[in-house]
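Single chain ahead, written as structure tokens, the form predicted on its own.
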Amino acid sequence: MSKYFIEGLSEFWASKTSKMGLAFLLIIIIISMYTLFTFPLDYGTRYWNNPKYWADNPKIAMPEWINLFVGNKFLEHNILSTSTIQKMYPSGAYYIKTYEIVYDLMADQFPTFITLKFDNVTFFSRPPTIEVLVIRPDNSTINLYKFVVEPPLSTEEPPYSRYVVEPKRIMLSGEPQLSLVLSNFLLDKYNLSIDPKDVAEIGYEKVIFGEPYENGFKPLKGKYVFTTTLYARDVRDQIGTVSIVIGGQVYGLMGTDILGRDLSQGLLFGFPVALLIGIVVSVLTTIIGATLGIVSGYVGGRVDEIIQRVCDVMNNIPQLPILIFLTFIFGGKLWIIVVILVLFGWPSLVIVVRSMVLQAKSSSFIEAAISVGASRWRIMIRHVFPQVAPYILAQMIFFTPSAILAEAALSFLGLGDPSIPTWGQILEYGFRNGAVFLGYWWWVVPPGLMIVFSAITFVFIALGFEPVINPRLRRWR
């Protein structure tokens, strides 16, 4: 191993800045590897951009850890499921099967919504009837919903299955028939006469999970038992899974956006995307720029003239407007963004490398190599390249945050790849929906910090290389 390489590595490692940069880079790599192994590659199209996948999540919910810093705790989002039959007994021509889910309300807020879900209902003869009721902590009962499963088609054969691919969802907050049930419940339980239309304006959740208090309702804390009853004609009829979704005000590690998407998943997926864009763009840009710079400086003549004029033209084209124009024309696909960033990123490196090669070209060891008959390519690879390699490596690292920031800027302008969640895309969607003005800080601050974090990581590494490139910056030992 070369003595100069060992000295340069030792100088790089002696810097606290470079150590911090490497630690940050290790974090990015670990998170990226975890994401690639746990997320499907088509996550963006299959899940992120699929509203049905997020139907059970609350909209604009804050992160759960916010409860650590507030006195009045926010209600956590809950999805409670069961596939266990609690009771089964015959009753006339029916077989009665019950499924129970217990929910303990401890917060001082009401749920934002209630959704019933039924997966994989199987029956063998006539379609069963499903009824859902809730027993409140005060032992009063409210019948929430009742429906008959869709009958079989003439082409179907038993057993008949329903809600296998897509579960049946009933959003109780939007059920008109429930307003009449709750109006009668208030009259019977509290002797409170409220028109069904007014019950809908008050909110079904306040009536189901509360009790009258002064001029409104207050939460009734305690255990709520949601009982689902299956009235089956065949003893083999059953429900695969019964679920109750209790909408909360806080959810997950990073909250949700206006579609209910888990922002922590989008932020995680942004790590490998940012790393891929940064590394691919920086490596390709460096290879092209370094190669042309060495050839231009060493060969000279007409070759040098052509390369330099092309660099002058490319450097005088404003990069961001042309990026916006080309991505608008060709589409915001990720590979198109990478190609455009590479296309306009190499000229500046060519100019600097060329000036360094011109200095190295007149050195004695280059002249000695020429005198013994070494070819141009051998001299450029074996003698010229090592002289400029530290600078080229440092520039490659500097290109990485530039590429990440450029992609984030394009995504923020709505010109990114819509099939892949990125930090810039999350920011753009948040700004488009007024997240800043409405105070949805968890929607805009984390992706912004992730962009800054990834950029600073490579800046720290590049700063650690400065003493290696420029000996005058080295510390006296």
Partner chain sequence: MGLKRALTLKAASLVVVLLFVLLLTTIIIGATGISDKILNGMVQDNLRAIRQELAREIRNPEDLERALEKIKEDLIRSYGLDKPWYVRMPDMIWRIVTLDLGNSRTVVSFSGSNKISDIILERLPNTVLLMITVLIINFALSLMIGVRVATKPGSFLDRLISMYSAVSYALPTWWLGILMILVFAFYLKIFPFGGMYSTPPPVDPLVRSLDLVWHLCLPVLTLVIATSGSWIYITRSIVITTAQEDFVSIARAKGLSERIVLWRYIIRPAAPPILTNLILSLAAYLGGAILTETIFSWPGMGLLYFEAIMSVDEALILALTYMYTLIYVIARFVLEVLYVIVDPRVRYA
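Numbering follows the first chain given and starts at 1. The structure displayed is predicted, hence computed values, not measured ones.
The discussion below concerns the form predicted together with its partner chain, not included here.
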Would Pro318 count as touching its partner chain in the model of the complex under a 4.5 Å heavy atom rule? yes
Would Ile202 sit within 4.5 Å of its partner chain in the model of the complex, counting heavy atoms only? no
Residue-level contact is defined here as any heavy atom of the residue lying within 4.5 Å of its partner chain in the model of the complex; does Phe344 satisfy this criterion? yes
Any of the heavy atoms of Ala14 lying within 4.5 Å of its partner chain in the model of the complex? no
Only one of Ala360, Leu405, Ile258, Ile101 gets a heavy atom within 4.5 Å of its partner chain in the model of the complex. Which one? Leu405
Val70, Leu36, Leu438, Ile30: which sits within 4.5 Å of its partner chain in the model of the complex by any heavy atom? Leu438
For the chain shown here without its partner, which stretch in 225-233, 275-283, 396-404, 300-308 has non-hydrogen atoms within 4.5 angstroms of its partner chain in the model of the complex? 396-404
Going through 290-314 from first to last, which residues have a non-hydrogen atom within 4.5 Å of its partner chain in the model of the complex? Asp312, Val313, Met314
